[in-house]
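Starting off, we have a lone chain in the form predicted alone, written out as structure tokens.
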Amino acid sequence: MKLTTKGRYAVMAMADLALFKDKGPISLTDISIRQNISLAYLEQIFIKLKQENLVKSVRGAKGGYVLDVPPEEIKISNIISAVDEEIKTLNCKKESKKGCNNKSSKCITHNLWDQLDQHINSFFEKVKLQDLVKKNQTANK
């Protein structure tokens, strides 16, 4: 399965924002420290999250970022796609006439990986950002 750090870090950062949403705008520096993610990398991620209207920036001395959508309405799939990620278990493109190994036919396990791909994407469609926050709060009690 292919999911880069960009997708994982975007989900971590959004979960951090959701967890601390009652504290007002959160600086990227705070998220960087708490989640151990490079500040420069977070800045790149948040440009994309902001473009997709998942977060908004607040200027000023106590500025930072806040969620632009309630966490119970944000699907994990929204976050992953906002940063131009896709979950991919196949080496070929589903729409391509070429097969998995650049041959004329699909590999013998093509349907297996395609089903896994569908299952993973369906899972990320069902899980909301609020679900992550609740599980984290329950685990840390």
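In this text, residue numbers run from 1 along the sequence as written. Between two forms, the rigid core is defined as the largest C-alpha subset superposing within 1.5 Å. Please read these numbers as outputs of a predicted model, since none were measured by experiment.
This protein has a second form, the form predicted together with the DNA, left out of what is shown; the following refers to that one.
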Which of Thr29, Gln35, Asn53, Gln115 has a heavy atom within 4.5 Å of the DNA in the predicted complex?
-> Thr29
Is the gap between Phe20 and the DNA in the predicted complex 4.5 Å or less for some heavy atom pair?
-> no
Tyr9 within 4.5 Å of the DNA in the predicted complex, heavy atoms = yes
May I ask you to state whether Asn111 is within 4.5 Å of the DNA in the predicted complex, using heavy atom distances?
-> no
In the predicted complex, does Gly63 have a heavy atom within 4.5 Å of the DNA?
-> yes
So which bits of 29-63 sit within 4.5 Å of the DNA in the predicted complex, heavy atoms only?
-> Thr29, Ser38, Ala40, Tyr41, Glu43, Gln44, Ile47, Lys50, Ser57, Val58, Arg59, Gly60, Ala61, Lys62, Gly63
So, does Tyr41 move by 2 Å or more at the CA between this form and the one not shown, with the core held fixed?
-> no
